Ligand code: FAD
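Okay, here we've got a single chain as structure tokens, the form predicted on its own, with questions on binding and movement later.
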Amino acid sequence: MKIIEILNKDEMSLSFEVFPPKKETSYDSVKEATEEIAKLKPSFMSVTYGAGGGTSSYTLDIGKNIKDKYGVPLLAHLTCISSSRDTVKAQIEAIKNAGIKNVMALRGDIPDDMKDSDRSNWDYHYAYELVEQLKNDDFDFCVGGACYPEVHPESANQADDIKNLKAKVDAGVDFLTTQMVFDNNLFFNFLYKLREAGVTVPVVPGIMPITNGNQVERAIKLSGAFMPQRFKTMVDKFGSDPDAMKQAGIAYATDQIIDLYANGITNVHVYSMNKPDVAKGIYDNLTSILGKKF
């Protein structure tokens, strides 16, 4: 099933992101964790592309297993910035041959050893170039794109960021998923500005449950996300107690999700960090809500 069909349904749903193993030695444990999350039967799952130095083949292996074994629609991430067109095309063909119909088209981070290099001969500079390739080569994919409610770190300002985002949507993106947000008001404000700019595709908020005090610094580094005072207070109070912090983090994420649903958002995407117990904790808090019609 294509993700856009799920997002266009008039009911509340929940999806999860997982990541592939960095090394072959951790493949079995990662596979088991992703299977436990798939057993929850989320609306769809996404698998990141070679996260933390892992290979792209793991993305497909993990994703195909989720799709084939559990019947969960799969969104495969694909990055392009440090790749040739031939390499990307081969990966696209592999995704198609795996029976996966959804691709998250991302530029990706520029490798440290390429940041000061001459970029004039690169095959890709922006995500919209990958979007155009996915849409123009008759692959028939549903294509997702990323967006930043708190401004892409390389954009001069939000107006410039939204202008670039609209170009990506105009290239063929079917839906957008945000970087992690901890304050729903930031998401709603961003969504209003997108609609005002003529971006009409579905926008899925990304929620990361912080269940360990050590995750906070990494989350800020990864996304630059604003941490509201009530979130900081929660971490200050429970961050040194693992069990209490996990329970509080699940409750905080659940509260965010319920607020989003209550304000008309049909799907929420959870960055699960490959933690089945956290995913289940959130899912169990929403069992009577999920599937409700608007």
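Everything quoted here is computed from the prediction, not taken from an experiment. When you see a residue number, it is the position in the sequence shown, counting from 1.
Below, we refer to the form predicted in complex with this ligand, which is not included among the displayed structures.
This ligand is not drawn, but in the model of the complex it has a heavy atom within 4.5 Å of Ala127. Contact annotation: Glu93 falls outside 4.5 Å of this ligand in the model of the complex, judged by heavy atom distances. Although the partner is absent from this view, Ala105 contacts this ligand in the model of the complex, with a non-hydrogen atom inside 4.5 angstroms.
Interface residue remark: Glu150 is not counted as part of the site for this ligand in the model of the complex, having no heavy atom within 4.5 Å.
Checking Phe44, Phe231, Tyr261, Tyr49 for any heavy atom within 4.5 Å of this ligand in the model of the complex turns up a single hit: Tyr49. The single contact residue among Asn212, Thr87, Asn189, Ser155, judged by any heavy atom lying within 4.5 Å of this ligand in the model of the complex, is Ser155. Only one of 181-189, 139-147, 94-102, 195-203 places residue heavy atoms within 4.5 angstroms of this ligand in the model of the complex, namely 139-147.
Contacts between stretch 163-187 and this ligand, counted in the model of the complex as any heavy atom lying within 4.5 Å, involve Asn164, Lys168, Thr177, Thr178, Gln179, listed in sequence order.
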